[in-house]
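Taken one at a time, structure 1 and structure 2 that follow are two forms of one protein chain, written as structure tokens.
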Structure 1
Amino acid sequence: MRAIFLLAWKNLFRNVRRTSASLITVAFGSAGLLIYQGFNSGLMNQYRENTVRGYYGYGQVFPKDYFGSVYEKPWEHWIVNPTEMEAKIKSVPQVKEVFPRIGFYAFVVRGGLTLGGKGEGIVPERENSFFTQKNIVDGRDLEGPDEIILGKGLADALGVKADDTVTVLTQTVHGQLNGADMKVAGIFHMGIKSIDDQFFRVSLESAQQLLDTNKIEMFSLSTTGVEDWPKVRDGIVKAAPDLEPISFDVLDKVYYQNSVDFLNAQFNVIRTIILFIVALGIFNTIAVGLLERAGEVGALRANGETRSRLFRVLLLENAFLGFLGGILGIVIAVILDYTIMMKGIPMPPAPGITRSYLIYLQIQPEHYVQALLLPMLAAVVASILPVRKLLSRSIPDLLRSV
């Protein structure tokens, strides 16, 4: 077996021109596959970062059976003892920080304009260091209790900018009208139209005063990572059975999860196309090369070499060819990543998004393995038919090809 490996390896370098042509075909296919994998990962990770650090965190914790339900008076189901519940959530080792929140509907008034919006009460000193993807386009992030930040669409409709004053009017949990004048600290542009056109944020203290309640609606979470969410969920359910943790991909199924599913399906199609093109290119190169080697194969057959042994040698040659081409393709992709593509790839707004992004290649370790093995497999598969066809010819026919 060792002799077959050595023979196949040496045969690669007997005809440099033929080997180089095949290597280039495999290398560019491997590089294209690796670059697209890195781009796809970078795009999905950008979506994830926007979702996690722009709004939801790694997940949110609601009162049990609250999420997805519609109540006439939702505040009756809110968390009554937030300090105690927060301590229980923080007892889970994978939870790094807890962000209490209240969501409420209100009118935002500026001069003669009155617009409806969805408000959130947050704790700015906790949230500002984690939620870094809000993309403040005017002013600064929320800091004080009498401040408000507005989505860009809502701010544009009201005609306000940073340092202007607006009035927030809402109904308390007791059914009374309440309001407060607030200074616009900043304007954010998430790029999601439904958020930018409706959402605003105030401090949790201000929201509780407006609603006349000490309860909170939910907790958003910072955890040790996406992969640890099952441990977070199980830990919270065990520590606080009255609470229900929901991961960010469920909370934002339309924007995040559907986008990821779409991109994965698209990538699978494009990967198949790339491998098919590589296989066709290799098939053509190998077929031509084998025709040139017909006399050599005939001489080997005449000297007693069996079809099965020659079949193994030729397949191994193409496996080595695919392996070397994969390595060369990886080198090409890495060079492009650290030169031309180092500053990111500008992308126009995606469907449902209103701002552009820079996407950076994020090549994962498993991508290198795929870029190495898949082209090698394509090279072997593409060589089976021409090798079988060559070896099926008679010895005199092969020798006449010299």
Structure 2
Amino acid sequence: MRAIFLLAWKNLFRNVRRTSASLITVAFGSAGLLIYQGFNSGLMNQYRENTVRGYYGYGQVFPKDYFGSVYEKPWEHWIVNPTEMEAKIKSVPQVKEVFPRIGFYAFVVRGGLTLGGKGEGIVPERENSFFTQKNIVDGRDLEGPDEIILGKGLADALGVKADDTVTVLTQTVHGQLNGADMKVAGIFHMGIKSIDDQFFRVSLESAQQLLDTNKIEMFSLSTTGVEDWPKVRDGIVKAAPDLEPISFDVLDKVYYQNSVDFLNAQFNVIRTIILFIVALGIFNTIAVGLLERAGEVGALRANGETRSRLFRVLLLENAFLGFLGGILGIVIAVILDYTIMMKGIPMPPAPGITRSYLIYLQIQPEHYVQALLLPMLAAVVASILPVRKLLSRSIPDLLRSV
């Protein structure tokens, strides 16, 4: 086996110019894969950060069977003992912070203009340090009662700016009309049109006063990370069986999960195309190189070398080529990442998004493994046909080649 490895390795240096051409082809394929995968990962991360730190948190905890159901009087199903429930949720080690919330529909009135919107009551002093992706474009974030922050679309439709006053009108849980004047603390622009056009936020205290209730609808969660969600979910179900934790990707299937699925599917297509181009690019070089070695292969076979051993040597030779090309590609990608891509790649708004982004490559360890192994596989696959063709020739035919 050592002899096969040695021979395959030495054969790489038989024609340095040809090997270099193949190496560059493989290297650019590998670098392309790595950069695209890093870009995809950065884009997904941006999506996730937007979703998690803009609105949902890592997940939300609802009363059991509440999420996805439609009720005429939803407040009847809300959490009646929020302090007790909050303590139970916080007992799960992976939960870092709990954000109680109420969602409600209301009219927002400014002068003679009245628009319907979806309001949310939050605890600003807890949320502001975690929900950093709201992207306040005018004024500041919510800080206390009698203040409101509005989505940019809603604010534009009402024609309000920071420090203006609006009136919020809604129905209490007892069916009476209630309202309050609130100062516009700021305007947020998350970039998600459906949110920016409808949503506004007030303090939980103001929302409970408007609705005349002490209940809360649900808790948003800050946890130790996305990967810890299964532990969080199981811990909450165990600590509070009446509650149902739901992760952000389920809550935001349309925006986040569909985007991730779409990007992954797109990457699979592009990866296949890159590997096909790599294989096609080196196929001809391999075929010509093998053709020149026909006499040599014939002489070896005439002296007793077996087809199977030569097959292994020649395939291994191309596996080495793919491996070296992969390493070179990784080096190229890392250099690009730390130089011209260091400041991020400016991207126009994605589908469903209304603001542009800077995407940073986020190359994960498994991406390096793929960038190494996939071009190697492509090089081996590209060599199978010419190697088989060479070895299927008769020995006298091989020996006639010059």
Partner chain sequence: MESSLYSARHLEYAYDWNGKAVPVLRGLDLDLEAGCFCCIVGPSGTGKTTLLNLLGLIDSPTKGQLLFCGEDLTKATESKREQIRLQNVGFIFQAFHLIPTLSVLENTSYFLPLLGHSPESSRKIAMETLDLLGLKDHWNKKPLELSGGQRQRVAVARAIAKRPAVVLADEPTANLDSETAERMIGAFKELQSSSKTSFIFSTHDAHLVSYAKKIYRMKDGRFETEGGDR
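For the two forms, the rigid core is made up of the largest set of C-alpha atoms that agree within 1.5 Å on superposition. None of these values were measured; they are calculated from a predicted model. For numbering, take structure 1's sequence and count from 1.
Shown first, as structure 1, is the form predicted on its own. When two forms of a protein are overlaid on their rigid core, residues whose CA moves 2 Å or more are considered shifted, and Glu143 is not one of them between the two structures. Shown in the overlay between the two structures, fitted on the rigid core, is a CA shift at Glu205 smaller than 2 Å. After superposition on the rigid core, the Cα atom of Val297 is displaced by 2 Å or more between the two structures. Taking the core as reference, the C-alpha deviation of Ile395 between the two structures is 4.0 Å.
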